[in-house]
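As a starting point, one isolated chain is supplied in structure tokens, in the form predicted alone.
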Amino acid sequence: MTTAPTTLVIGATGTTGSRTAAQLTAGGHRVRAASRRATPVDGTEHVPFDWYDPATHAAALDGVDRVYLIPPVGDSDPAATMLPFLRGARAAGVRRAVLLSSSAIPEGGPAVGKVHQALPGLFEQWAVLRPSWFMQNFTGTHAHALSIRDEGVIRTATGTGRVGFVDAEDIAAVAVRALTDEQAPDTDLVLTGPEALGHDDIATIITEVTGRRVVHHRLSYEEMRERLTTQVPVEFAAMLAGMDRAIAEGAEDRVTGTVHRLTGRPPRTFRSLLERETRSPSS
């Protein structure tokens, strides 16, 4: 009798990790939820995990067949931390890996782009999810969400640039398919919502749905970089501000049909997500 595969979800308390673990569990799949904080998703086995503590890695990988990878947050060179772990995972018997990257970072690009480049050579089956910016950035604990709640302001250096913002639930739904389908995608997948919106549009929708006035303050690249250096390391701040500048230049002004193609349903709009979260007392 073949034992059902176990999926290790790294970052299982995060925005996409928690949703991926929950959707896998709801589908009857065995899940090992790995995070630094012992707050397991219902129906999963929790294991302590820290990217920077190799002593936590062996137990997390024991008996695991596939893994969902959330890179360490705020690390400007995650490959240095992740690649030794991934080589260990392959040696431990992991056959399939699904990596969360970003639509803004190509294969071989900076930061997690180096991990993307290495993945096909390490695993028999693989996928790289490259979602656009999360809709939850405006509703959760992201700096945008906090400034919206505290000040009624969104600050970016994106100008009039548009983004195909995507719901984290849709990202998780694609992750589940990439992890559990008989054959992995063995490619990178650019994930967006159904429409490209500017931050002025986002502010208007929030105002209309919540009844509270929200405005978009446009900053220069330099102003955004300096603001971010109070929150994250200088190199990471420059990279994030550079992503805003790329949006201003049109780099993220696109939508793809990937969510619909892989899940069989259209991606959620920002307005419908906001209406859902506004109604929900637990959001």
Ligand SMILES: NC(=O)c1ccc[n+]([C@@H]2O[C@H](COP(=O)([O-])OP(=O)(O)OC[C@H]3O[C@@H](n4cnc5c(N)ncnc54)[C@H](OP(=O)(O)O)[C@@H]3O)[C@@H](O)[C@H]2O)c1
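Since the model is a prediction, treat every value here as computed from it, not as a measurement. Heads up: residue numbers just count along the shown sequence, starting at 1.
Here the subject shifts to the form predicted in complex with the named molecule, a form of this protein not shown in this document.
Task: Proximity to the named molecule in the predicted complex, single hit among 180, 76, 137, 147 (heavy atom within 4.5 Å) - done: The option sitting close enough to the partner is 137.
Task: Heavy atom within 4.5 Å of the named molecule in the predicted complex - the one residue of 263, 25, 13, 269 that qualifies - done: Comparing distances to the named molecule in the predicted complex, the residue within 4.5 Å is 13.
Open item on the list: To test your reading of this chain, name the stretch in 129 to 137, 154 to 162, 88 to 96, 116 to 124 whose heavy atoms come within 4.5 Å of the named molecule in the predicted complex.
Closed with: The contacting stretch is 129 to 137.
Open item on the list: If we define contact as a non-hydrogen atom of the residue within 4.5 angstroms of the partner, is residue 36 a contact of the named molecule in the predicted complex?
Closed with: Flag for residue 36 set to yes.
Task: is_contact(residue 71, the named molecule) in the predicted complex, heavy atom dist at most 4.5 Å - done: Residue 71 belongs to the contact set for the named molecule.
Open item on the list: residue 174 versus the named molecule, in the predicted complex: is there a non-hydrogen atom within 4.5 Å?
Closed with: Residue 174 lies outside the contact set for the named molecule.
- [ ] Would you check, heavy atoms only and a 4.5 Å threshold, whether residue 192 touches the named molecule in the predicted complex?
- [x] Contact check for residue 192: no, nothing within 4.5 Å of the named molecule in the predicted complex.
- [ ] Could you list which residues of 100 to 117 come within 4.5 Å of the named molecule in the predicted complex, counting heavy atoms only?
- [x] Residues within 4.5 Å: 100, 101, 102.
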